[in-house]
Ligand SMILES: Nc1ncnc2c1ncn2[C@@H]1O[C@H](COP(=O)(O)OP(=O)(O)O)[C@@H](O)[C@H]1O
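In the form predicted on its own, a lone chain appears below as structure tokens.
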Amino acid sequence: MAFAVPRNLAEHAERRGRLEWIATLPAVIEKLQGLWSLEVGEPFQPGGQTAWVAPASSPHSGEVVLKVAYRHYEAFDEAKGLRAWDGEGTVKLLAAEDLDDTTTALLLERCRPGTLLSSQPDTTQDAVISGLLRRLWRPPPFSEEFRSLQEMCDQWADECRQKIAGHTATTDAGLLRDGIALFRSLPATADRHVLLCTDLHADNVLAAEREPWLVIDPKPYVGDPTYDALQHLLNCEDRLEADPAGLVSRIADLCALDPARLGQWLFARCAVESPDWPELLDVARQLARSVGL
């Protein structure tokens, strides 16, 4: 039987020039089967963009999930974060192995029934996401070192500037400059720093038996908790485009965050994301008016 590559992973690998990495996966998975005594099933479809993920079974741990991930920048510390949370709101990490500079393998708790939170009504998603975020925000010290949110924001701001270079003679040039500058400055003005998930949205939360809902696929950093609500806001596309200020107010209330600061963060993130997601420019314009920028 041919080795199966999930659709999203295959498409992303082709776009990013990672087909050579995909070709290494059969040998990597065979090695992990021996290392962790696994029987591995077919991968989940359509899958994610940067990891091969499949159900597996182990005589030691029972039903598990094997994740073989491409070591992209934002996800370097996934295993460290899962160890820090230790199953409190997240799936449990059972084992981890950095195989080389490009590949990390994780053995994870399996969620049953594994239903996506995104299948639930918006009000349920908001309540679950906000409750999980408040549980995940652990203050330092941590047993391991994590990168700062400032580091990630500086990198994203640099990438945005490169993307818009030569195209700044537009009506939105000032808005983009303001958004990039704010994205750089906000991390330094936080009044508290906590362990962040940074990629918590309803497709990264699964129904489980140990807890009603568990987080998967965190991308841990340390910094301003207000930032951590952004990915959920961005994934609520219809509500975001219709009434961004109203959505900010609702999620800020549920997460016990300052709505003005959350509005600033969302404005800045929309500006930085807009070269690849042009619809966010209109959201940024609406937010610029509502937060007085």
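Since the model is a prediction, treat every value here as computed from it, not as a measurement. The numbering used is simple: start at 1 and walk along the sequence shown.
Separately, the form predicted in complex with the ligand exists; it is not shown, and the next lines address it.
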Within 4.5 angstroms, counting heavy atoms, which one of the listed stretches 225 to 233, 27 to 35, 42 to 50, 252 to 260 is next to the ligand in the model of the complex? 42 to 50
Contact flag, residue 203 vs the ligand in the model of the complex, heavy atom cut 4.5 Å: yes
So in the model of the complex, is the ligand close enough to residue 109 to count as touching (4.5 Å, heavy atoms)? yes
May I ask you to check whether residue 91 falls inside a 4.5 Å heavy atom distance of the ligand in the model of the complex? yes
At the 4.5 Å heavy atom threshold, is residue 116 in contact with the ligand in the model of the complex? yes
Checked 216, 128, 194, 175 for heavy atoms within 4.5 Å of the ligand in the model of the complex; positive is 216
